[in-house]
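Given next, in structure tokens, is a single chain: the form predicted on its own.
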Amino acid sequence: MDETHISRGFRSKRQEQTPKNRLPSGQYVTTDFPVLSAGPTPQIRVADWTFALQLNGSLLGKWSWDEFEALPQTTIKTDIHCVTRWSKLDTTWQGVTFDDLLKAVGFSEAPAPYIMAHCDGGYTTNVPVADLVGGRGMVVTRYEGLPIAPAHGGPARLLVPHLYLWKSGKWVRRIRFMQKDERGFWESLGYHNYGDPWKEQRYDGD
């Protein structure tokens, strides 16, 4: 349903039914999954897909689709929050946790404090490693039990659900560890460098 067709009373009732501890300030709940992208949607065949971890110029590990699917798989149910103010509750995702990716390349901890996610189409986004370890971040390949649709980032996307959704880069292909933080695509265009929905960190200065 288009939000503009929802009466004020109906929307107010819907918000009242959502526990306040699940909905950051300024957000509204939607049952839809809006599609928002910075450019055209890549159409990637899994036969051509690879994913890599990188430290500076060194390759730590690289997987084909089948190799990635053979890594330990984790399923989570979580709420997601978009900077454009919609939130979707109880979404289910499956993929490989950041912790299991580190284990797969023989690391007990990350080799640097920041990462840059590099995605098809040239999109990038930066995330502190502390927001990925301990089960907080994943590279996901399934949504609600099905392969992720290309419009939502398939075949694989980063998922960092406690940050605004632009940090969960679609079509992720490479994660590069960094000793010093760098700004990604939206961050370099004025979006907040961290993006905590609970602090309404949408833009620089928030």
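From 1 onward, residues are counted along the sequence shown. These numbers were taken from a predicted model, which means no experiment stands behind them.
Form predicted in complex with a small molecule: not shown, discussed below.
**Student:** Just to confirm the contact call: exactly one of 117-125, 67-75, 94-102, 131-139 touches the small molecule in the model of the complex at a 4.5 Å heavy atom cutoff, so which is it?
**Tutor:** In the other structure, the partner sits against 117-125.
**Student:** Please check if L165 has a heavy atom lying within 4.5 Å of any heavy atom of the small molecule in the model of the complex.
**Tutor:** Contact check for L165: yes, within 4.5 Å of the small molecule in the model of the complex.
**Student:** Though only this chain appears here, would A52 touch the small molecule in the model of the complex if you measure heavy atom gaps against 4.5 Å?
**Tutor:** A52: no contact with the small molecule in the model of the complex.
**Student:** Answer with yes or no whether V46 is in contact with the small molecule in the model of the complex, where contact means some heavy atom within 4.5 Å.
**Tutor:** Result no; V46 lies far from the small molecule in the model of the complex.
**Student:** Using a 4.5 angstroms cut-off on non-hydrogen atoms, would C82 count as touching the small molecule in the model of the complex?
**Tutor:** Heavy-atom contact with the small molecule at 4.5 Å: present for C82.
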